[in-house]
Each structure stands twice: as C-alpha cells, then as structure tokens.
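Below you will find one chain, with nothing else, as structure tokens; this is the form predicted alone, and questions on how it binds or moves follow later.
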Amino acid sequence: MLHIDIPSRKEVIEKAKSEGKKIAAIYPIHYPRELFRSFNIQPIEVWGPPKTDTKKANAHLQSYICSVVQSGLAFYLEKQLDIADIIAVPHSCDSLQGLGSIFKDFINPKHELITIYLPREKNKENVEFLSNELKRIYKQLSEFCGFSPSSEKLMEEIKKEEEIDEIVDKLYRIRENLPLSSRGFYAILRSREYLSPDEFKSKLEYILLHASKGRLKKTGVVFSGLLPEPMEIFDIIDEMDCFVAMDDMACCMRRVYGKGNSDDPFERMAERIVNGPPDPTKGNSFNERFGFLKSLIEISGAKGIVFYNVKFCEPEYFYHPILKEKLSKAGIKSLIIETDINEPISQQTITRIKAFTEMLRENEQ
C-alpha cells in the first residue's frame, strides 16, 4: 500500500505563523476557503476534535447537542484555539447556530468572530443571498487584516480550489485503482481541512502518479454522514475484505464543489457552495439526496451504504427513514450506525458492521 506523510495540524499552524499568516479556526461545514486565503489566512477546520473532554462545554449546551459541537466548544474553553486569530462559525444547523450565539452573547472571545449564514436549496435567489453574505465577510476581514485583496486575487484562489475539486473528483472515480487503504485514502482527503492548497494538491498528484491499472479485489461500500470518527472504523471495513469506494460525508464529498460560472468572484464562490452536492444541512429534497446516493453506487460499483451518523445530528436523522425506504425499493442495502466522536467504537457497532459487510460480500459472489 502507498504511504504518504501528512503533517499534523500543529505543524501546519506553526509553519503558517512563521510565514506571517493569520489562523482561522473554522467550524463545520460549508465555507469559502478561497476567501480566507485571499487575506493570507490559513483555515484550520475544527471537527470536534474527537476524544475531547466535554465537561466545560456541558455547562453551556443541552445534553442532546451532538458531540461535534460539544467537543468544538470544549476545545475552545480548554484554550486549545488560543493560537487562532479568527473563529468562524457557519450556521450549518441549529446546534452550530447555537454555538455561534454562545460565542457572541456569552463567551465574547478575544478572537475576531465571523458567522456565516448559509442559504438552503439551489436557486438563483440563494446564490445572490450568499454572494452578499460573502461580501459582508470580505468587508469584516478587510477591516481586521487592514487590506482588501483584489478581485484578481480572489479569482486566483477560487480557481486553485476548483482545480483541486476536479482532481479529488477524479480520484473518487478511480478509487478502486488506488493502492491505498480506506483509512489511508481518507487521511489524505481530510488533510484538506488544514493544509495549504499547494501542499494538498501535490499529495493528490502523487496519488494519481501511483494509480494502477488493476483494481482492488474487494467489495465496495459507500459511507454517508458527517465524518468518519473514530477513524478506526475504516480498519474494520478493510479487515472484512471491503473498502470505502465512495462517500457522502460532510467533511469530504459533500464539499467537492463544481466550477462556478460567474466572472464576479463573490457570485462564483456562492455558486460553488449553493450548487454543490445535496446535503441535509442545505435542505435538499429527498429525491435529490436519493438520486445522489444512487449515483454514487452506480459510479463506484459499491454494494451498499453505511449511514454513519453522529448521535443527535437532527438534519441527518430527518432523511434516514425515507432514504432507507427508497434505497430498499431500488435494491440497495443500507445500514444505520449511531456514533459519538468522543467514544471508542462499541463492540455492538463492530459486530453490525462486520455482519453487514459479510452480507454484501456473499451477495456479490
């Protein structure tokens, strides 16, 4: 299997600081990486992190808030984000919107606080709304950083991200030809959460160079949900002679955006997010979600879908009953797993994953 060295978040932050960059700690899910980079700001995403002690956060949050938000707030309260200059909270769901309000109304952080209001559904009006929202954030960043990048600089950063999205999409489509374990593949994809575009792109191009003409002789599955934590879940999949052939995860495929059409940088960034893959937090229809999942099965040749859901994630839960029914009628097997990013994988989860993947393998023979 191919091995690629990936620097840690800490190493990337230290390097960015040494280069005179500011650091933005950004919570999930959708945001314009290119807008922050135009201001010489290094985005570092905060997906929890996993295995965080959430006691301090529990004083601010209800017990039924998802572990991603609980851990994210606890991480801040433990002063683990003090190195950041900016805190950005996209209002992706009620829990994250609540987190933004806690920062603004109760904690009042020393950092520059940016909230990002995201529209729902794909239409022209929502592109216009998000475009105006991004102009507001541009103005706030200009005042904070003391300069305003040109439209040319914005377009340069946008095109870098578009090129990277194109390569990531290609890697997904040739996934069975890549000499990488499931964990290895997703460790690289998720390094986009904090690497610079140039460094991330170089790793993608290195993978492309080593793509083989043979295929992994394993049974493919599609993973759906917020994020694959703990990452040991991939080891269990691989042990069962299976692999994650495609995904519908918020931290990965749902943020592989297509190219924008507009020559206006703000409208182009908005187009990319609004017209991106369907996402429960964006309120896309059941038919859009089903059609997208079905297309992932067809593209990858996967034999089933694992909904790997973070406990108390209401947007994900909302879609499950109808999606499971639609998938069943289409002859697509699915499994719903509930997880907490701060807890180890339970034996029950391991047993269910193994039983499901074994069934898929038997059906393939």
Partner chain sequence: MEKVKSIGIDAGSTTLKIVGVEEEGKILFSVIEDADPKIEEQTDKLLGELRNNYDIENSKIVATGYGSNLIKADKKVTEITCHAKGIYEYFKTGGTAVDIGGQDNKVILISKNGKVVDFIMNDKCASGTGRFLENTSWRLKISTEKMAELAISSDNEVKISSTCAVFAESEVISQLSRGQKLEHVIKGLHRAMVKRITSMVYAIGFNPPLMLSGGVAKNKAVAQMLEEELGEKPLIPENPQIMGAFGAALIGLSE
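Positions refer to the first chain, counted from 1. Since this is a predicted model, take the numbers as computed values, not measurements.
The same protein also has a form predicted in complex with the partner chain, omitted here; what follows describes it.
S.K.: Please identify, from 330 to 338, 23 to 31, 299 to 307, 41 to 49, the stretch that has a heavy atom within 4.5 Å of the partner chain in the model of the complex.
M.R.: Among the candidates, contact is made by 330 to 338.
S.K.: Is it the case in the model of the complex that K170, E193 and D263 each bring at least one heavy atom within 4.5 Å of the partner chain?
M.R.: Contact check failed for every one of K170, E193 and D263.
S.K.: Can Q347 be called a contact residue for the partner chain in the model of the complex at 4.5 Å between heavy atoms?
M.R.: Although the partner chain is absent here, Q347 would touch it in the model of the complex, with heavy atoms inside 4.5 Å.
S.K.: With the partner left out here, check for me: in the model of the complex, does some heavy atom of L2 sit within 4.5 Å of the partner chain?
M.R.: Although the partner chain is absent here, L2 would stay clear of it in the model of the complex, with no heavy atoms inside 4.5 Å.
S.K.: I'd like to know whether K15 contacts the partner chain in the model of the complex, with contact meaning heavy atoms within 4.5 angstroms.
M.R.: No, no contact at 4.5 Å.
S.K.: May I ask you to state whether R352 is within 4.5 Å of the partner chain in the model of the complex, using heavy atom distances?
M.R.: Looking in the model of the complex, residue contacts with the partner chain include R352, since a heavy atom lies within 4.5 Å.
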